[in-house]
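Single chain ahead, written as structure tokens, the form predicted on its own.
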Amino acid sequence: MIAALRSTFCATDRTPASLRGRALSGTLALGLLSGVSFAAFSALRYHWAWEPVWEYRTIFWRGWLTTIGIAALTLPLSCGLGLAFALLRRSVFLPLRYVARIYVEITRGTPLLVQLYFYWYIFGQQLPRDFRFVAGALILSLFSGAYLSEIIRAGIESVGRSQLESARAIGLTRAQTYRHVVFPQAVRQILPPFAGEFANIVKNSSLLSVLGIEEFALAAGSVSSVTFGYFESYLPVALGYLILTLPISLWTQSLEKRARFET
């Protein structure tokens, strides 16, 4: 009996769990979390009222689509900026290296909310209102790009110096060394923190409401101020963000498995 339970609910790198074991374990974990949440809400004795909030479902839908648009624009921009500044941090030309370092340190050392106000009211104040969406995505990309650049730089520097010297010995150029030697090994190191930063990008888009962008969180705030249904307004927001971030996490985990190899 104990051996059967151990084979079902225990797993190691050498003996991965079976499909049945993963399904049962997931069901037990979900049931436990659901029970704790139900008990917490029961203790509040909260009276749910979904009907008033349901009338504003179109606002939620538009806000969710706006959040998707922001994320779709910000993710590739932040990755491009992160890669560019990570390479600049390793540049042999010192002025470029220090420009990248100053950008990273200032961006990581100041809140995103402050940067939104700073960039918009100093550089974007004269832009038309329709440009707020692109400007907000660009500011969010600048913020996330600083974090991604450090993740990429750490992945690049995790590659041993002996491999770089071997690449030079066989005549590879600097670009070929990065393409064929450095990046394939760095990818498996940077994928897990990349997943976390991608999720942060989606969630940080809620701060773009200060620029007047009607994204998902702002829609919930507007509806809750009218209906006074705060739980009913923000629970769909939590579910909506989870729908966006969970596929990103699962996708990066699948990429991590593909990039995994023995060293």
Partner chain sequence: MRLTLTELTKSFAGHRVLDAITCDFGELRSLALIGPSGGGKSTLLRIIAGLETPDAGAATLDGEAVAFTDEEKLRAHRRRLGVVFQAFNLFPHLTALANLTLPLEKVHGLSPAAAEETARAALRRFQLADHAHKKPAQLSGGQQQRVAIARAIAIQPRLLIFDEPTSALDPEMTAEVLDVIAELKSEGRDLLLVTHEMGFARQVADRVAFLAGGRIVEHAPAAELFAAPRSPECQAFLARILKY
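Numbering follows the first chain given and starts at 1. Everything quoted here is computed from the prediction, not taken from an experiment.
Just so you know, the form predicted in complex with the partner chain exists too; it's not on screen, but the next bit is about it.
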Taking the shortest heavy atom distance, is Thr173 within 4.5 Å of the partner chain in the model of the complex? yes
Does the 4.5 Å heavy atom contact test between Ser91 and the partner chain in the model of the complex come out positive? no
Close approach of Gln189 to the partner chain in the model of the complex, 4.5 Å, heavy atom: no
Determine whether any heavy atom of Gln185 comes within 4.5 Å of a heavy atom of the partner chain in the model of the complex, and answer yes or no. yes
The partner chain isn't shown here, but in the model of the complex which of Ile122, Val114, Ala169, Ile102 has a heavy atom within 4.5 Å of it? Ala169
With the partner chain left out of view, choose which of Leu142, Ile151, Cys79, Val181 has a non-hydrogen atom within 4.5 angstroms of it in the model of the complex. Val181
Please identify, from 159 to 167, 134 to 142, 71 to 79, 114 to 122, the stretch that has a heavy atom within 4.5 Å of the partner chain in the model of the complex. 159 to 167
Which residues in 60 to 80 have a heavy atom within 4.5 Å of the partner chain in the model of the complex? none
